[in-house]
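Here's a solo chain for you in structure tokens, the form predicted alone.
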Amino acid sequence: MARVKLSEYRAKTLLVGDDYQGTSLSLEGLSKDVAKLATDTAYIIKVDQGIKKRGKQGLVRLNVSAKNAQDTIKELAEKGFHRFIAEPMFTHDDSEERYVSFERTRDGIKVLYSEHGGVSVEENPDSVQEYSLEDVPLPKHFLQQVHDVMNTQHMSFVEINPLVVRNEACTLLDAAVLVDSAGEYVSSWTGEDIVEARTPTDTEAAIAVLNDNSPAAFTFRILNPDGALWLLLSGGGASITIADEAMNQGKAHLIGNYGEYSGGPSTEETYLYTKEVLKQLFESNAPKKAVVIAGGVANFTDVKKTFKGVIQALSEVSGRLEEQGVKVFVRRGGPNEKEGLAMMESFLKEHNLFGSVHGSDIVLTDVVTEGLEYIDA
């Protein structure tokens, strides 16, 4: 199965156990989470979403008091992040920092170790040597604990950098853990603990904020920033079907984005969502582009109401869309389907954006084929 990455907070709670003093913080429960921090302690606050080289990207804050923690997290959240970790500052000298990693292989667990940890490991790549669990120069109880946790928690890779060793005490200042996704239902971690090692784009970040502030649901993910086919989809099942159809035709590389809106969004919310998708479309360098606005037959998402928002966003950039030769292909069903489709068709024809407009009388995947045929023509 796939190897997926755990949040640093979950990784450390598993590896360290009850002695771990970190606190997980999220935007959703920020005030409650910050209240757990001790007022007499200085903290290091980091983005906890699997991002590498956080220090170089400005995603780490040092010596933060509990009083200032909330403002610090809100500042980091403006960059599109929503999950954070706070740990008491651990005073140490750079010379104490070690590097160690454990990887499960066919022949057993391979250990890489260096006495030059932290950022120094990049400057001293030759210092990293391979060991077995039995001969690596680290406290035996620590090695045994890592070995046991890797087995019980279905971990395939553990990297600790830096690791500070004082006598027999080992302090994990940073840790990255990959687990086998098949172990989710028999381990202490869950799908909620899995993070993606990527920085969200401005559009992804804006839509994440829209989603967090609405009872409706909005998702958006860039697949190819220079994609030719841009998707404005409604409903999770329909959105997967549409994206899969492009892949089945061998045209997955043309898809610019994946995402969907659902749950009865308002006209204003649909407008804001569409506006962000179109912003990303204009950044694409594809020579020819198409937009597919599609979804299944909605139960309660009003087609007319949401299409008003879509048309509002399209109207603001209709001149640019026409100049670039963009065509829009539509397939939708649900409450006020007839009125919404008529309104959309009239707008698209008026602004020379018309590709096709269909209701629930055609197969959902046909609209994807039409969009791809236009791009390839």
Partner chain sequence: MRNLAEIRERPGTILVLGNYKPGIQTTLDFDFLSGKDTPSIVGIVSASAKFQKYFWGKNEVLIPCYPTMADAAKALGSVDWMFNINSGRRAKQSTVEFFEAFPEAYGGHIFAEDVPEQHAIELYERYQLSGKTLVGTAGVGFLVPGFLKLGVVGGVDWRQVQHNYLTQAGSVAVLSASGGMINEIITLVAQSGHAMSFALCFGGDRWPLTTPKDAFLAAEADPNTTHIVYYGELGGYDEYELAELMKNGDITKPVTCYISGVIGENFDQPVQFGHAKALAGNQSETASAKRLALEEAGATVAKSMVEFKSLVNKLPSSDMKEDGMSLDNRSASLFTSTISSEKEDGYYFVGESLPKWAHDGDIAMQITAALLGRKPRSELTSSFVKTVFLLSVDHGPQVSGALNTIVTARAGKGLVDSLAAGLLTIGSRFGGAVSDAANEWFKGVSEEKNPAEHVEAYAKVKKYIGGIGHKKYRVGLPDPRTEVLASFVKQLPNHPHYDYAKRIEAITTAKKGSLILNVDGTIAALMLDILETEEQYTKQQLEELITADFFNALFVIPRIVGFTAHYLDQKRLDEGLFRLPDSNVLLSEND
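Numbering follows the first chain given and starts at 1. Since the structure is predicted, the reported quantities are computational estimates derived from the model, not experimental observations.
Below: the form predicted together with its partner chain, not depicted.
>> Check residue 258 for me: does it contact its partner chain in the predicted complex (non-hydrogen atoms, 4.5 angstroms)?
In response: Residue 258 belongs to the contact set for its partner chain.
>> Is residue 124 part of the interface with its partner chain in the predicted complex - any heavy atom within 4.5 Å?
In response: Answer no; every heavy atom of residue 124 is more than 4.5 Å from its partner chain in the predicted complex.
> Are any of the heavy atoms in residue 112 no more than 4.5 Å from a heavy atom of its partner chain in the predicted complex?
Replying inline: No, residue 112 stays farther than 4.5 Å from its partner chain in the predicted complex.
> residue 183 near its partner chain in the predicted complex, any heavy atom under 4.5 Å?
Replying inline: Yes.
> its partner chain isn't shown here, but in the predicted complex, which of 75 to 83, 128 to 136, 202 to 210, 102 to 110 has heavy atoms within 4.5 Å of it?
Replying inline: That would be 102 to 110.
>> Please tell me which of 164, 223, 176, 194 lies within 4.5 Å of its partner chain in the predicted complex, judged by heavy atoms.
In response: Selected residue: 223.
> Using a 4.5 Å cut on heavy atoms, which of 120, 145, 171, 241 is close to its partner chain in the predicted complex?
Replying inline: Contact with its partner chain in the predicted complex is made by 241 alone.
>> Heavy atom within 4.5 Å of its partner chain in the predicted complex: which residues of 328 to 360 meet that condition, in order?
In response: The stretch touches the partner through 331, 334, 335, 336, 360.
> Any idea whether residue 189 and residue 212 get closer or farther by CA distance in the predicted complex, knowing it moves 3 angstroms or more?
Replying inline: Nearer in the predicted complex, by 3 Å or more.
> So the Cα-Cα distance between residue 29 and residue 264 shifts by 3 Å or more in the predicted complex; is it shorter or longer than what we see here?
Replying inline: Relative to the shown form, the pair is farther apart.
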